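So this first bit is one chain, no partners, the form predicted on its own, shown in structure tokens.
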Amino acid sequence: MLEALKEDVYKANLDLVTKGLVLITWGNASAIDRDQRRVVIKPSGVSYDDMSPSDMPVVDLEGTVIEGDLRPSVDLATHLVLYKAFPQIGGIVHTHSHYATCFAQASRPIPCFGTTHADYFYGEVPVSDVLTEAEVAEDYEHHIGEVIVRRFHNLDPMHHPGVLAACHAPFTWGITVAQAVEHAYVLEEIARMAMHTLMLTPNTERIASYLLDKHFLRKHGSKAYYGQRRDL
């Protein structure tokens, strides 16, 4: 089963390149097997061109390498914090995609101006607090995860499948790692739309709550009707 997960994580990391979400080695994707309590993640600093599924390290939830000869991504600790805090998620993506990272560097949430955004995020894309000097000095990547979790103390991570780590870059997640990649792709596009909207009209109003509800809830939740019924 983990061999299939390695293949999924390998493909997800390559998808970040083909979708234009990462440059050089500026990103990583991971997935978790909840039953086996194992996480598969991209190896640290390895070129996407040089990877294979067998290169994907397997770790336990404490970060100990169980399988593989390569060191896992330096962002592993962040992924582990999120997996422990958000039991609904099965995959995580971290990128430094251009427009979303601009909002993260400005420590500014991405406002929800229209229905494209509302199809995926139930309101603005949140931004975490800036880490303190002490948090950066010790267990930096772990604390990135902690400040994200604190930001979600009153938010549903399935209604907001991504976050901007302040002064840093975005993280997204999903039920699968493929869905986490999709959310990273969507996040970059809605960040681009928001930035251009603000350039055109700096005082643009946020989307009306009734329109936000309609577009988000027609795709998500118990009364969703978008797409095809899975029981047919």
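In this text, residue numbers run from 1 along the sequence as written. Keep in mind that this is a model prediction, so the values were computed, not measured.
Not on display, but discussed next: the form predicted in complex with another copy of the chain.
Another copy of the chain contact at residue 141 in the predicted complex, heavy atom, 4.5 Å: Answer yes; at least one heavy atom of residue 141 falls within 4.5 Å of another copy of the chain in the predicted complex.
Partner proximity in the predicted complex: residue 126 to another copy of the chain, non-hydrogen atom cutoff 4.5 Å: Because no heavy atom of residue 126 falls inside 4.5 Å of another copy of the chain in the predicted complex, the answer is no.
Distance check, residue 37 to another copy of the chain in the predicted complex, heavy atom within 4.5 Å: No, residue 37 stays farther than 4.5 Å from another copy of the chain in the predicted complex.
Distance check, residue 155 to another copy of the chain in the predicted complex, heavy atom within 4.5 Å: Contact check for residue 155: no, nothing within 4.5 Å of another copy of the chain in the predicted complex.
Segment that reaches another copy of the chain in the predicted complex - one of 60-68, 172-180, 29-37, 202-210, heavy atoms within 4.5 Å: Comparing against another copy of the chain in the predicted complex, the contact stretch is 202-210.
Stretch 92-116: residues contacting another copy of the chain in the predicted complex, 4.5 Å heavy atom cut-off: Going through 92-116 in order - heavy atoms within 4.5 Å of another copy of the chain in the predicted complex - the hits are 96, 98, 99, 101, 102, 103, 105, 106, 108, 113, 114, 115, 116.
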